[in-house]
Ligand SMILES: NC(=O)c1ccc[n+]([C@@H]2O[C@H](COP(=O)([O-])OP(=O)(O)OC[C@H]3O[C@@H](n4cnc5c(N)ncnc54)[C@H](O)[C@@H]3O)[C@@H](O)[C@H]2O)c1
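Starting off, we have a lone chain in the form predicted on its own, written out as structure tokens.
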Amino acid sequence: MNVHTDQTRGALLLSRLENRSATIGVVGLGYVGLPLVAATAHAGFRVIGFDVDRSKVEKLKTGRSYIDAVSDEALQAIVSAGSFMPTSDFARFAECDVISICVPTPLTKQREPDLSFVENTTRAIAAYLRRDQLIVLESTTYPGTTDEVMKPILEAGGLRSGRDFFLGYSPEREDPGSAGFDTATIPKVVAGDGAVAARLVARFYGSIVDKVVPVSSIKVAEVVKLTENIFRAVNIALVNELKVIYAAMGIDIWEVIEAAKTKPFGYMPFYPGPGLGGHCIPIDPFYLTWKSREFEVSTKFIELAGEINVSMPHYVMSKLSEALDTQLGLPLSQASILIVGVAYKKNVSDVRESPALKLIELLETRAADIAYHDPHVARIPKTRKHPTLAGKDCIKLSRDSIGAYDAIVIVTDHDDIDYGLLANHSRLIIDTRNAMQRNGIVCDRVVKA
């Protein structure tokens, strides 16, 4: 009897996933959710997109995208075809056979997990939860979140995971600005609460992406994403520390890396910078350090890496101050500075956790006059950490505008910046990305930081 029950559980949903008649809900239409919507609709599913921001919903209804990875043309195609319906009406959760949660998981000021978006979304889903629905969390979080936080909320109404509805986890792996990978081509790690849920999660994502990677449990899937980003954070911290050490010795870290990466084994190049940015690497490691305290396990290595990376904007400011003094005889408090690039990485418009914002605030506390140029960010949006910078407008690069500043600080090395123009008309350049040399520009006014 139990064997028969296990075989028939989820059979209806599995059939609907196989013939593409299932309706898919995606909660959170940001840098993760909107590309997932596009990929899911392209795979032939009907998609309802949910977001509490009504202004986003209205833009999407008219086919206007605010995410680089989804063009207006691609968005208009799925909206006009009726395969994508954006809404702020959570009652429509009842229509969905699968609901994928792609909401933010930030940190508090005390570097503790803020699961309020996940919890509020789960409560909203629970109000309309029905049998044979699959709920999947994609947001990055600590191991145990799906089972310990989401599951009790969903089961509070009497339905049971694995019997009445199904629960899974699949960490997002978006790489904003990447030309080589998109949602459909990045392998998808999947796991479920029980064998039936695991099969359904794998079948759902297998309909959308080229490859799924099943793992044995939801907790394993939850730490996969943490492991990937901790690996990057620690190695970036290492190379940032080496940058500071080598600079004191008069050695160029960039030349060292170029030589070291010619070794065909046992070495992987990581590059220094002005600090970490984005929605993952500066945040995810601290989800694990927080959870580890419950088990009385120290995470000294991870926390040290975080300290090093957080200190990098201060290091850049110190190099800028030193260069202004030695080369121009000018104190930082009397200098006018142009920040080039405020996005957290090249060729994207995302400013979340960008070290450029921290650097601007540091410089403003020293009374420096600050402006910025970024071809991808016309105006700095409101952010949780740097609300006072909201509304600051980008200036255009020209011979006159460049010459009006005492120093240029390259923070984000976008491809569509005219580095030759910077070299020809600036008094001093602080280059945190080795952008000038990589673009073949030799200039004695460049200081690497």
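Each residue number is its position in the shown sequence, starting from 1. These figures come from a predicted structure and were not determined experimentally.
Beyond the structure shown, there is the form predicted in complex with the named molecule, which is absent from this document and is the topic of what follows.
Which listed residue (Cys102, Val340, Ile99, Leu276) meets the criterion of a heavy atom within 4.5 Å of the named molecule in the predicted complex? Contact check passes for Cys102.
Report the residue, out of Pro143, Pro176, Pro282, Pro375, that has at least one non-hydrogen atom within 4.5 angstroms of the named molecule in the predicted complex. In short, Pro176.
Full three-residue contact with the named molecule in the predicted complex, heavy atom 4.5 Å, for Tyr419, Asp431 and Asn434: Zero of three within 4.5 Å in the predicted complex.
Contact with the named molecule in the predicted complex for Lys291, defined as at least one heavy atom pair within 4.5 Å: yes or no? Answer no; every heavy atom of Lys291 is more than 4.5 Å from the named molecule in the predicted complex.
Quick one: does Ser354 come within 4.5 Å of the named molecule in the predicted complex, counting heavy atoms only? Ser354: no, not in contact with the named molecule in the predicted complex.
Asn120, heavy atom within 4.5 angstroms of the named molecule in the predicted complex: Flag for Asn120 set to yes.
Do Phe45 and the named molecule share at least one heavy atom pair within 4.5 Å in the predicted complex? Taking the distances in the predicted complex, the answer for Phe45 is no, it never comes within 4.5 Å of the named molecule.
Please pick out the stretch from 395-403, 45-53, 382-390, 408-416 that is in contact with the named molecule in the predicted complex, where contact means heavy atoms within 4.5 Å. Contact criterion met by 45-53 only.
If you look in the predicted complex, which residues in 20-42 sit within 4.5 Å of the named molecule (heavy atoms)? Result: Val27, Gly28, Leu29, Gly30, Tyr31, Val32, Gly33.
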